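Take a look at this single chain, the form predicted on its own, given in structure tokens.
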């Protein structure tokens, strides 16, 4: 029976539903600012999410002919401008946390469970979300902020999770991952982590076979009951997800 000692959270789509109305909009703002004709609509961005990393998505779109060829330096510069636009969207309160996220973070922190971030989003984008959607105190409450290019291989490679666990000196058998995407699930699985999936509009039909719990939201007391899409451990009382559910998954 393994004790829950650490929870590692993905960011985009997990802490907040940032992709459609955050990153996608910010990319289009950067494209327009640069005088480009290319815009990523909701469907196109859903296709591009199969590629992990913003600069990598742009390079993929170039290779498939979606946008004009450009040197990597311009890709990086556009991505930097996109990040600034994204930070503004966050600061304006346009991208709230997903249901149940703050409740579970606060309960886990109060119990002394180590909390960390394992994401492919840029450190600047992560900082903006923490400051404006969680609060500045969470910069200290998260024991590690593993983000962006800190590891060479992004999800679905396990590198970002392995990096975070190494920094925290925790073992996989005591660590739970929170994810929302197929690539994120593959990353956590490759790092030998038990994983809870909260799907969103972009990821609901992706393959999460083998994940420990798959739900529509983490949910909150008094709100509409969540949808349970996969329940490997036969957990009960899943009107919303609790810290006790997380502990049961680790013990199962």
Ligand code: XBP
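Numbering follows the first chain given and starts at 1. Remember, predicted model here, so these are calculated numbers, not experimental data.
One more form of this protein exists, namely the form predicted together with xylulose-1,5-bisphosphate (XBP); it is left out here, but the text below deals with it.
Here the marked residues 175, 194 and 245 all miss xylulose-1,5-bisphosphate (XBP) in the predicted bound form; none has a heavy atom within 4.5 angstroms. Not displayed here, xylulose-1,5-bisphosphate (XBP) is approached by residue 52 to within 4.5 Å at the level of heavy atoms in the predicted bound form. xylulose-1,5-bisphosphate (XBP) in the predicted bound form is approached by residue 45, whose closest heavy atom lies within 4.5 angstroms of it. Contact check for residue 79: a heavy atom falls within 4.5 Å of xylulose-1,5-bisphosphate (XBP) in the predicted bound form.
At a distance threshold of 4.5 angstroms between non-hydrogen atoms, residue 208 is out of contact with xylulose-1,5-bisphosphate (XBP) in the predicted bound form. With the partner left out here, xylulose-1,5-bisphosphate (XBP) still marks one of 91 to 99, 162 to 170, 121 to 129, 134 to 142 in the predicted bound form; by a 4.5 Å heavy atom cut-off that stretch is 121 to 129. Contacts with xylulose-1,5-bisphosphate (XBP) in the predicted bound form, taken as any heavy atom within 4.5 Å, map within 15 to 35 to 19, 23, 27.
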